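First, one chain by itself: the form predicted on its own, in structure tokens.
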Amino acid sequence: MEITRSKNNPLITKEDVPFRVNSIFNPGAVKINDTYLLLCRVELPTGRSSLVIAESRNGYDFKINDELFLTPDHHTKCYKYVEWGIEDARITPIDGKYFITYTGYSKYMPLIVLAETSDFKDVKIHGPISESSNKDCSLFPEKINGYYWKVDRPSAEHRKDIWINRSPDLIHWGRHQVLMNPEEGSWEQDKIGASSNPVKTDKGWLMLYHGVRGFGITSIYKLGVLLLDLNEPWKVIGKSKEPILSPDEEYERIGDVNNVVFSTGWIFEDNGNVKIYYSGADMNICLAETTVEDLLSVCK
């Protein structure tokens, strides 16, 4: 397949943020009319993370808001679960609203938090939708067989598998089952997790995922792609055998966490092009472009 990094990578670094941060990375992504919106994680000088909006008219040149969009302090009813920061948002449009899933951190370990907005100005925080030790949550954009569906990555002992579950209302979740295991002896052998929100194609649901393999005291994070059955989304009908994006460039290999490409958002254009927004080495925001056709072609 063909995937092309933007010649302007990294598109966003901490120098572009109009207030002091340690880093900016891992953005959720959505296109609203003609505006590209990224919901970016910023690590503040305290070492704790919040979310800020960046907007663009062309998908390449972004302006970052002067104020944070969402912070732990906004979570008045569940602050104890997000006290150490909120991270790595994914955005899914459902029925005219935008639902945001992200990780809350505290002494109770990571868990998944759900919020919704209609305009990215006012936001309703629903609170945790998982128990602790869970993250990497992505929502499907429509009901399937009468239910909402999400994928996530609970951690139990040494297992780091992707799971799928369903809900009648986006709040109460059940029927949990394993979707996919890491493939032993491969680039994803240590752990996997959902990256992007699933997008519907005529072949199935496309979804980015990340895979991790450890080498000595370090790990390498790469991106792959999954294809799930349209009507039975718990069935994997295709996946990339090789990563579609690996940390090759200096801005992906050297940073706060070396050797990382990590995505939490992509945008499908009407012409079949796909913009994958990702971060290199937990330090910046980058862009790689491909097509729906190319992504489907590697899901064997």
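Treat the numbers as computed from the prediction; the structure is a model and nothing was measured. Each residue number is its position in the shown sequence, starting from 1.
Only in words, not in the display: the form predicted together with a small molecule, which the text now covers.
Participant: Go through Arg166, Lys222, His75, Lys191 and name the one with a heavy atom inside 4.5 Å of the small molecule in the predicted bound form.
Facilitator: If I apply the 4.5 Å criterion carefully, the residue I get is Lys191.
Participant: Looking at heavy atoms inside 4.5 Å, which stretch does the small molecule contact in the predicted bound form, given the options 66 to 74, 22 to 30, 269 to 277, 234 to 242?
Facilitator: It is 22 to 30 that comes within 4.5 Å of the partner.
Participant: Assess the spot marked by Lys97, Glu116 and Val199: is the small molecule within 4.5 Å of a heavy atom from every one of these residues in the predicted bound form?
Facilitator: So, no: the whole triplet misses the small molecule.
Participant: Quick check on Asp152: any heavy atom within 4.5 Å of the small molecule in the predicted bound form?
Facilitator: Taking the distances in the predicted bound form, the answer for Asp152 is no, it never comes within 4.5 Å of the small molecule.
Participant: Within 4.5 Å, heavy atoms only: does Ile254 come near the small molecule in the predicted bound form?
Facilitator: No.
Participant: When the contact criterion is heavy atoms within 4.5 Å, does Val260 count as touching the small molecule in the predicted bound form?
Facilitator: Result yes; Val260 sits at the interface with the small molecule in the predicted bound form.
Participant: Quick one: does Arg213 come within 4.5 Å of the small molecule in the predicted bound form, counting heavy atoms only?
Facilitator: The answer is no: Arg213 has no heavy atom within 4.5 Å of the small molecule.
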